[in-house]
Ligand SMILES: Cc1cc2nc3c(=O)[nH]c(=O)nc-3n(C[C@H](O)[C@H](O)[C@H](O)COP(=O)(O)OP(=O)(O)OC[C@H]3O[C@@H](n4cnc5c(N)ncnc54)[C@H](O)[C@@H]3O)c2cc1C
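Shown below, as structure tokens, is a lone chain in the form predicted alone; questions about how it binds or moves come after it.
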């Protein structure tokens, strides 16, 4: 199944060359999403020598698979921040995010990035979510946001249970086009950007990263990779989720400009997007715990919900994105124990958090004070504020380890593995994760994640082996799609003669 997002499918290719040879630089940035690319531009603009390594294509991770929405609140609400951190911290979060939307607007305006101001509409479609809307209204009001309550929604949006929260002054854009634009600014300022340059070896102490075609030695290293590469204590604190999105040509009633979130069993995030004379309806569904959900069922449920609420229509784009949520509701940004920089734990709010992170790290490297530094510091540990998330994440890891090492999953014989099927099989005295491709080729790899030894699970939508413990994902041939794993799953070439 093609899982190209509407953003990547309608934007021009970025077209930066892979790393070739060994280079030395002031700052190495690993990861080419909105965080890494924005940071590369800010540092190069400050006169720093910068090299950026992206494993695939710029924006190919969460940035180019996001909703393209920009808002000063958070996807899980500002009110949990008030409860965990207090009203002053919640006000600081909203103020930071509001100013960052203004910053993005200023950067986007000279280019065709689809930036537009709009309102965010948040409401419940089931009684059990009604109280959340009232709590969020109070939290946003205390944080100084321009927020009000309205009655009802316009068709074809589902009708609310209770009032509709309207947060004005928010925004939308084309995230892939924006990243490509900022990458062009970074390159013009002197930054070296390299695509298809996956880090396969990393020496934190020596500040050296190696790819298949070269290496980079730097004075400073920044991991802008959703989660730090390799083993890091913060990974034990962050739940990992995937969510699925679709875009289809808008042929029926138009919900109009805006971000529309409605909470309930069939809750969605909905917006529209115009490209080359075509107007799309974009919908993103519920979050799913990575590796323990049925990807195809999740995508089918999303398509069914959209058809039920907006009428039948042909789906033009299907995609998904992965997110890592800070245990206490906030991201981790800054130096870690190794002395490297990281920016992680954005949940599904990474377009704004990523830009904030780039500004914060650029300021720290330049010796400038940044008001977000103390709130988001990377080495904080909040067992009280984040106790439930930390417990849930570690229970998931333990359950996956116990379940997969003490029981058998999908045990089949290789001879019965049909085209497009996957299974965990015993062959030649080993347990193997196997997949038969559409052309009949058989792939067999170790089922043990190279990060911390959990067993991988099959994702039928994206044709990948996903680790439920800390979010690593691998192609059928074992190569890494995304970390924290660095090493590939060992491939086994079977003798089927």
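All values derive from a computational prediction rather than experimental measurement. Residue numbers count along the first chain shown, from 1.
Note that the form predicted in complex with the ligand isn't included here; everything after this is about it.
Though the ligand is absent from this view, in the predicted complex it lies within 4.5 Å of a heavy atom of just one residue from 145, 340, 120, 351, which is 351. This chain is displayed alone, yet in the predicted complex one of 322, 192, 370, 275 has a heavy atom within 4.5 Å of the ligand; that residue is 322. Residue heavy atoms within 4.5 Å of the ligand in the predicted complex occur in exactly one stretch of 457-465, 58-66, 436-444, 40-48, and that stretch is 58-66. For a residue to qualify, one of its non-hydrogen atoms must sit within 4.5 Å of the ligand in the predicted complex; all three of 34, 224 and 284 qualify.
By the criterion of a heavy atom within 4.5 Å, residue 178 is excluded from the residues contacting the ligand in the predicted complex. Interface membership of residue 113, defined by any non-hydrogen atom within 4.5 Å of the ligand in the predicted complex, is ruled out. Shown alone here, residue 263 lies farther than 4.5 Å from the ligand in the predicted complex, counting heavy atoms only.
Of the heavy atoms in residue 174, none are within 4.5 Å of the ligand in the predicted complex.
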